[in-house]
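To begin, one chain is listed below as structure tokens, in the form predicted on its own.
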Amino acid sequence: MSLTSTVTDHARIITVNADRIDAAMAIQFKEDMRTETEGGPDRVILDLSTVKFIDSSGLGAIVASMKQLEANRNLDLAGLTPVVDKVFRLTRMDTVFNLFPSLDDALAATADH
């Protein structure tokens, strides 16, 4: 699992460079997210456009990553593929996270604030 991170004026963008987030990589994902999100803008956008599969452990790792952020910081999700989007909606996590169809849509929402 590898994450890459860039910072814009208003957000830190973290891109998942893997096609799955599952039990085999959930612990490493949480550790990598903690490292990538230390400091920086209040808004973190997780780009999931390459992720084709997520299981309950992967979902838990993303929730844990959100919870480890300081209280004033947000974790938004962008680029969910249909299968990953369905998991978030079935588990009602779409009520917890802001979901954006693409990274461009998420960045446009930043500009609107």
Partner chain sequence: MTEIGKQGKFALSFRATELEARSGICAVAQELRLQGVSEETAGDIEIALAEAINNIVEHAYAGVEPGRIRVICSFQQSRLDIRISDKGVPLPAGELPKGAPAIITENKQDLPEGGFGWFLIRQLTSDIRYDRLNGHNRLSMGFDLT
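Computed from a prediction, not measured in an experiment: that's the story for all the values here. Residue numbers count along the first chain shown, from 1.
Not pictured, yet referred to below: the form predicted together with the partner chain.
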query	finding
The unique member of D55, E31, E38, D42 whose heavy atoms fall within 4.5 Å of the partner chain in the predicted complex	D55
Contact assignment for the partner chain in the predicted complex, among L99, M93, I14, L103, heavy atom within 4.5 Å	M93
Partner proximity in the predicted complex: T50 to the partner chain, non-hydrogen atom cutoff 4.5 Å	no
Partner contacts for 17 to 38, taking the partner chain in the predicted complex and a 4.5 Å heavy atom cut-off	R20, D22, A23, A24, M25, K30
